[in-house]
Structure formats: C-alpha cells, structure tokens
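Given as structure tokens, the chain that follows is alone and in the form predicted alone.
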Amino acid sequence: MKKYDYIVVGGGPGGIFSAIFAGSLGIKTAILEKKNRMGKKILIAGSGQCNITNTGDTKEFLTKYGDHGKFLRTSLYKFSPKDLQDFFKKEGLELVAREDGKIFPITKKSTDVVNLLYSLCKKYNVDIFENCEVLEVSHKENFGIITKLGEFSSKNLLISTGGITYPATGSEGEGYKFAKSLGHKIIEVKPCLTPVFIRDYPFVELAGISFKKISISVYNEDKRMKESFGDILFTHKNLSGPGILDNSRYMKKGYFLAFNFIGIPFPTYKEHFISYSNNNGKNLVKTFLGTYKLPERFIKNMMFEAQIPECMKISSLNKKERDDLGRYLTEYRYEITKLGGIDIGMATSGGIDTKEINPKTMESKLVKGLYFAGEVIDIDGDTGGYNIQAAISTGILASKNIGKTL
C-alpha cells in the first residue's frame, strides 16, 4: 500500500498542474496515469503546437463556457489566463499569441510544454506512476485506490480523467464511473467542439469556402434553442469552423441549423430585391446576389438549390422563386443527422454535475477530500485554448484548498 497526502487520477493538464502546485506546497503527491506517458492530450492540442490558452481578460473568458461560466468564476480569477502565461514565462518557456487570440509556446512544439511539466514534477517530488490504470476507488477514512500496479491510499483525491473524446489519449470516461461509485450524478455526456453533419449535404462543391461572423441558429422543431454569430466552414462532407464547433454543445440529431448568409432578415431581402428589380430588371439574378459580396461558387450553389437557371434575368423571377432564394440565404433550416464522434470531437459536453461540486474549492459537496478538475466536470469551453485553461485553473484551485487543510 503506497500512501500519499494527495493522489491525482489522470495525467492531463488539470491533473499535472494540480500535482505540481501541491508539490510546491510540500504536499506528498502522486499522479496515476494509465497510459505510458502523461500529457497525451497536451501533445495533440493545437495540432501538436499546443494551444495553451487565449488572449482576453478573465471576464471575457467566463463567456466562453456556454451556460457554465459562472461555475468557473473563482477558479479563473484565482489562476487567470495571465497567471498561466506568467507561469510559463517564469519557467523559461515564452508564449506567443496569434491574430485569432490563440496562445502557443513560441517553439510551436507541444513536447516542450510536456517536458517542462515533467521536469517540474521532478523538482517538487511528485511521484508519477505511468501504465497505472485505476480499477476501483473507495472511501472510508481515506481513499483507497486499486490499480494494475497495486494499491494506493490518500486523504485527498483528485479525479481529472478528462471526458470521452480522443480515447487514444486515455480519456475513456472512467472518471464518471469513479465519481458515480462515490455518489455523484453524471450529466449525459457527448462529444462537442465537433463538426456537424446535415441531411442531403448541399455544400460538397463548396469545400473550403468560409463565412465570417454570420448568424447561426439552432432549432428543436420550431423552438430556437440558440442564436449566435460565428465563423463557419464548408468541408467536403460536413459543416465546421469555430461557429459550428462552439455551438455543437447545443446540437443533437434531429435538431435544425439555420444561417443568415447576407446579414439582413428575409423581409429586408425582399425589399432589396424589388428595388433592384425595378431599376435593373435586365440584370441576371446572380448579378443581384453579387451585391451581397457572396463567393461566386456559393451564388451558383444557392441558385441550383432554388432551381433557378444561372442565365435567368431578375425581372423573370416569379414571387415563389424570389422567396425560395431569399430563404436559402437568410433562414433555411438544415436537419442535423449526426455530430462528429469521440475521435473527432475536441471536448466533451456533460459530466459530473456542477451542483455537487463547490466552485470555490473544486471539492465534492458529498465526499470530503474528493476533488474534480477539467473535462470530467460538466463544463466545456469554446475552441481556442479555453478547455486547457479551465482544466489548469480548476486543478490548481483544488490544490490551493488542500494546502489550507493539511
């Protein structure tokens, strides 16, 4: 039986930072990682360049987590995006921000981040047990952890096992099983930050075309569940881009997506059409659509969907054709057939119910000494480094509280 003051289950960003911080406080700490190397999720972040966090202040960050930003308030203020940047700078790894706000190590190598974290674990005497799959967790006076490498005991336990996406990195949902065995409720989990597939995908020929900051609406039957503005990208087989990825948390099979590609409501489009037709009736329909600065390939595609020949003049369009075209441009609904799966989704929506976790400490409200950090909790951030920041901030908050109790 190996005994510690603090055991971290899961060597992702939240778990590693929590262990390092605990070790710096003199707390006898161990990380139990089931894969042959910890930090595998860090290694693939930002396509291997490691998008660590994002620019912007903490107040702005809190708007990037759907309906759960309030839960992260204490953790993000106690260890802010700026604090994380200062941490790396102090440890000798410079960071750089891209134009889109994403922050990377200046070397653009995620291995540099992981290697630094390994060296800090060594510096603060954090024991790392790799190839150490946890099989069972129990609690009496202390936590008992049964693993493939033997048994462990600890007064404090952090579950930071991630969600269900990218299972090759070790995120296979075990944390939910452990939390549930200790009495916690699990909110239904599904991949998020994922591309979306729609019925009879009409944009195959438009692969590579993107739209900036257009209106995106999510409907469940006739009820609009979410409306926002974001960037979308047409691929050969699905819809992607930050506006799709960030809103995928609100989507389900059978829901509908609607876009406004021209930035004006349908009635205003009709007014524009009538005015233009009265003054330029001999012009082609596609010439009129060109006034909205739409890509030529997109114009041809929309006219095809509305069954309007490219050679048709605007004065020849009847009312139905005019309205059909306008609806394709401003409010047409596309049925969602599926979301990207666990190997595509970059994060997990759902997880351990936040109502059962103290947001000021990350400690369980049900079991003393039990803590949670990162994606295993029912929180998920937008694309761009927000999930790694949340994992790190929640992990450090847990360590700070443990430091006060020992």
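All residue numbers refer to positions in the sequence shown, first residue = 1. This structure is a prediction, so every number in the text was calculated from the model and none was measured.
The discussion below concerns the form predicted in complex with a small molecule, not included here.
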Quiz item: Of the residues 338, 35, 68, 28, which one places a heavy atom within 4.5 Å of the small molecule in the predicted complex?
Solution: 35
Quiz item: Heavy atom within 4.5 Å of the small molecule in the predicted complex: which of 94, 86, 227, 133?
Solution: 133
Quiz prompt | Partner-facing stretch of 200-208, 161-169, 217-225, 244-252, counted where any non-hydrogen atom is within 4.5 angstroms of the small molecule in the predicted complex | solution = 161-169
Practice problem: May I ask whether 157, 186 and 398 each come within 4.5 Å of the small molecule in the predicted complex, counting any non-hydrogen atom? | Solution: no
Practice problem: Examine residue 23 and determine whether its closest non-hydrogen atom to the small molecule in the predicted complex is within 4.5 angstroms. | Solution: no
Practice problem: Would you please decide whether residue 45 lies within 4.5 angstroms of the small molecule in the predicted complex, comparing each non-hydrogen atom pair? | Solution: yes
Quiz item: Would residue 393 count as touching the small molecule in the predicted complex under a 4.5 Å heavy atom rule?
Solution: no
Self-check item: Exercise: residue 345 in contact with the small molecule in the predicted complex, heavy atom 4.5 Å
Solution: yes
